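In the block that follows, a single chain appears as C-alpha cells, in the form predicted alone.
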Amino acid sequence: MAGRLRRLLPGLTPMSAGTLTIATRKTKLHRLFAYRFAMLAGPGALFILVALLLPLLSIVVFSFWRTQSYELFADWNLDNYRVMLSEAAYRVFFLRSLGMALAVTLACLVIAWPIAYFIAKHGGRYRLLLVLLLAAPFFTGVILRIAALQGLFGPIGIINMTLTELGIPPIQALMYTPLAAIIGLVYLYLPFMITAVYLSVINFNFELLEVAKINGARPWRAFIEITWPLNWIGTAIGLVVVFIPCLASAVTQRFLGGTQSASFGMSLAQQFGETGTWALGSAMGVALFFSSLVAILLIGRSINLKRSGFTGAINR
C-alpha cells in the first residue's frame, strides 16, 4: 500500500506513505465497526422507534384533537388541557397520585436497602438464588397478586379474622383505604428497588468501610459518606423504576384503595374506557409523561459520576 501511494504521489516520503496507510486502515476499521454496530443496534432502534416513539407521538397529536361519540376528530384546540387544568378533580387525582408515588418510593427505599446490602455482603454463594427469589411474586399476574392481598388484608381476610378470633377489633385501615393501596404498591414494586440497589452494592468495595473504621469513622458516618454516595446510581435507578409506574398506577388503587384512593391513572383509564373521551385521556397521558420526565431529570442531576466512582472507568 505504501509503495502504491509513493508511485501515485512521487513527492511522498516513506514516512508519510506509512502514515497514510495506517490512517487508511483505521478508516476501514471504523467503517467496519460502524457497519457491525448498525447491524446489531439497528433492529432494536427500529423497534423503539415503531413501538415506543410513534405511539407517544400519536398521543401528543390526539391530545390536541376533539372526541365526540367515541370518535376522534382532527379539530386542533387546547380544550383538553384547559379541562384538565381547570377541573379540580384532575388536580386532586394528580396530587394524590404524586403523594402516593412518593410515599411508596420512600417506603421501598427504606425496606430495600438493608435487604440488598445483606444479600450482597453476606449472601455468599446463595446471593444469586436470593436475588432470583425476588422474582417469585412475578410467577403470577398482577391481578392474582392483588387478589392475594385482598385475602390477606380484607374484612374477612386472614389478619382481621385472626384478630376477631382473639377478641381484638379488626383493622379497618387495611382494606379500601389509601394505606391499603400504598401497601399493595410497595408489595408490587419492592423487588425492583431491591434488584437495582443490589446490582450496585454487589460491585461495592467493602474494604473501604474497614479503612473508614480503622480511621475512626462510625458505621453510620461510613454509610453516609462512603456507601451511600458510591451506590447512588443504583439507588437512583431504583427510585425511577418505582416512582414512575406508581405515578401512573390504576389497578392497585382500584382493587385495594377504595374511593379515597382514586388516582390520576384510574381517571386516565376511564377516559379510554367508560367515557370514551380519548382526546382528554391523551392530554392526561402527556401530562404523566412530562411529569415522569421531570422526575428523571431531577434524579439525573443528583448523580455525580466522579463521586460515584465511574469517572476512572470511563477514562480507561
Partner chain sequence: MSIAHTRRIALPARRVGTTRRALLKGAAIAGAGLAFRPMAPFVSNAEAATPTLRLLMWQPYAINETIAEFESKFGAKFAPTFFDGNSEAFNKMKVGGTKDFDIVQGDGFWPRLYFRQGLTQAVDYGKIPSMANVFPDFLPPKFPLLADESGEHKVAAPNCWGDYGITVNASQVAPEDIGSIALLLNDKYKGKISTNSRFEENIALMGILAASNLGTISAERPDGKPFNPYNLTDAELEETKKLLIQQKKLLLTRYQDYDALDRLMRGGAVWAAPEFTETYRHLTVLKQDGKLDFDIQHVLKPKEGGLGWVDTWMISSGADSERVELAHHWMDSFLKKDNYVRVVRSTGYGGTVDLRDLLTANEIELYFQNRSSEASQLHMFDQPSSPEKWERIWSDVEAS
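Bear in mind that the values here come from a model prediction, so they are computed numbers and not experimental data. Numbering follows the first chain given and starts at 1.
The next section is about a form of this same protein that is not shown, the form predicted together with its partner chain.
Next item on the list: Mind telling me which stretch in 117-125, 232-240, 82-90, 181-189 gets its heavy atoms within 4.5 Å of its partner chain in the model of the complex?
Entry: Of the stretches listed, the one contacting the partner is 82-90.
Next item on the list: Would you mind picking the one in Pro219, Gly141, Gly99, Pro155 that has a heavy atom within 4.5 Å of its partner chain in the model of the complex?
Entry: Checked against the cut-off, the match is Pro155.
Check: Is there a heavy atom of Gln150 no more than 4.5 Å from a heavy atom of its partner chain in the model of the complex?
Finding: So Gln150 counts as contacting its partner chain.
Notebook entry, point to check: Within a 4.5 Å heavy atom cut-off, is Leu280 in contact with its partner chain in the model of the complex?
Noted result: Contact with its partner chain, yes.
Margin query: Does any part of Tyr176 reach within 4.5 Å of its partner chain in the model of the complex? Heavy atoms only, please.
Written below: Because a heavy atom of Tyr176 falls inside 4.5 Å of its partner chain in the model of the complex, the answer is yes.
Margin query: Taking any heavy atom pair closer than or equal to 4.5 Å as contact, tell me whether Ala262 reaches its partner chain in the model of the complex.
Written below: Yes, Ala262 sits close enough to its partner chain in the model of the complex that at least one of its heavy atoms falls within 4.5 Å.
Next item on the list: Please state whether every one of the three residues Glu225, Thr227 and Asn304 places a non-hydrogen atom within 4.5 angstroms of its partner chain in the model of the complex.
Entry: No, the candidate spot makes no contact with its partner chain.
Note to self: Within 4.5 Å of its partner chain in the model of the complex, counting any non-hydrogen atom, which residues from 53-70 show up?
What the structure shows: Sequence-ordered list: Phe62, Thr67, Gln68, Ser69, Tyr70.
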